[in-house]
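A lone chain, given as structure tokens: the form predicted on its own.
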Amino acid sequence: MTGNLLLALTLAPLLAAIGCLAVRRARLAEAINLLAGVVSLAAALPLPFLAGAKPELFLDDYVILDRAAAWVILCTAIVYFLASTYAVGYMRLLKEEERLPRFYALFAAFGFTTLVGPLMNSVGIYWIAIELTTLVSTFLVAFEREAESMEAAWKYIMVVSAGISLALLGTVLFYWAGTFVLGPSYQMTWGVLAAAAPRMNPVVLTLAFLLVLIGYGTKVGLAPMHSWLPDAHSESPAPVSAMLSGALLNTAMVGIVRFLGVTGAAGLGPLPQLALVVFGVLSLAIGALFIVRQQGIKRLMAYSSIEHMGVVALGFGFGGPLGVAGALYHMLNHSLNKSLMFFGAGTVMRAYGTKEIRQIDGVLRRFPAQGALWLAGAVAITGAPPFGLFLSEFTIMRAGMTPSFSWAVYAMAVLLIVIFIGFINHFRAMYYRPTAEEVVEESRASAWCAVPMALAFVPLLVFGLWWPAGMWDYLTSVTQSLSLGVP
């Protein structure tokens, strides 16, 4: 059964990409992509229940399904479905009917690459999968063909490709370290690396991990390797921005986490986790500074993504059951929340004809229902209660209250307060800024745009009020399988 679900999960977007290229009608292409999103989500939902404590291997051990992969795939499938639904309404506003089949072909291919990445058991093929996400999404970033989007696409592919090259160098060093233990040729899988790691040269392993951390950290958007992210997220069409933030970043983060597990099995001490914690704090700091002074609405969301990837990095860096469970829970809540925020931003930008915060006002009067959802999402994205991100951030802070990392928890707490004030101040201006006009004309967003916002908001609220015990047990069990104990 598991194998059939994985087949449906991956074939649906792949066949959709081919189908969208074959058809020339925009409405048919959007239906094909939406169907792929539904099938992928339906296949992903049972995977966490089917993933056991021991990983399942498929296709001669090239495909792995463990609890970490099942969780990341679930987050990705949710965003792919929500973004595919939202795209039906949003992309029609662009008046690009002739180009829409190509957009949906690329979008489905992007969904395919982000879903396949976490399943790769071969370390080298995982690198190829991550590189494919870059190649496909670059065309999506530049889809609107404006000067800013073309520049963002070039910056994206240049910066990320440089980072991925460092990740490849680190992967080669990991392989080289293994040759002294396993011989000149061996199957480089995550399990083989972890089993051989205790006998590998610790200096080479440490250097290899730092290169991998910087390389894949570039893809994740960890500071200071984040320079591509604000431009790419802000210049992409809104559904693409949601996929970049809610799906792609998690797919790249899982590689860092697996390599961190290899260093944990090798017993390298606190340095790998400390490096991840430092990048996490730095990402929070950069996010806070730019959120406070931000002028563009989608760039505000982009810097929020940098902040939240920093929080996830802190959770995995702190390690232990609390840290890992909090980080994985944060992945899910961030995927839901950031989808909601980019959907709202896309609707508002199209209605007001601007990306500038200072030119947007009276949102709640113009969009009563969608505006209320977007405002609630803004409160949630700052980590305020009673939403899911508050619970995951609080869990991560509890995990860090150790002599080694307590300084990072204090820094995290201060920066989160700054981010809350800055983010909410921007929304206060857009919603309650005094204007000369007494009446703001009410607008109605398409149901295709409004429904995904509600679908993202409901579980975000539920997961803030209730963390199911079964989900807690599931997420804490990932700690042992990834060797992410407390240093």
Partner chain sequence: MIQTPTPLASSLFSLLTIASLLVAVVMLGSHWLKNYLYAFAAESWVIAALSAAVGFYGHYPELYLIAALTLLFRGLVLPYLIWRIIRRLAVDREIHVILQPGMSMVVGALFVMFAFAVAVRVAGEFHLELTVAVLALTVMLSMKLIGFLMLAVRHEAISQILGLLVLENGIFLGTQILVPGMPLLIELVILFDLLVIVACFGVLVRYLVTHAGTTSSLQLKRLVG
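Residue numbers count along the first chain shown, from 1. Values in this document were obtained by computation on a predicted structure and should not be read as measured data.
Another form exists, predicted in complex with its partner chain; not displayed. Remarks below refer to it.
Using a 4.5 angstroms limit between non-hydrogen atoms, G124 touches its partner chain in the predicted complex.
Heavy atoms of F390 never reach within 4.5 Å of its partner chain in the predicted complex, leaving it off the interface. Although the partner is absent here, W176 lies within 4.5 Å of its partner chain in the predicted complex, judged by heavy atoms.
Among heavy atoms of Q294, some come within 4.5 Å of its partner chain in the predicted complex. Checking L271, A369, I128, A195 for any heavy atom within 4.5 Å of its partner chain in the predicted complex turns up a single hit: I128. With the partner omitted from this view, the residue of V278, I417, L94, L135 that lies near its partner chain in the predicted complex is L135 [heavy atom within 4.5 Å]. Only one listed stretch (70 to 78, 343 to 351, 231 to 239, 305 to 313) carries heavy atoms within 4.5 Å of its partner chain in the predicted complex, and that stretch is 231 to 239. Contact check at 4.5 Å (heavy atoms) against its partner chain in the predicted complex: none of I256, F259 and I421 pass. Of the residues in 31 to 45, none comes within 4.5 Å of its partner chain in the predicted complex through any heavy atom.
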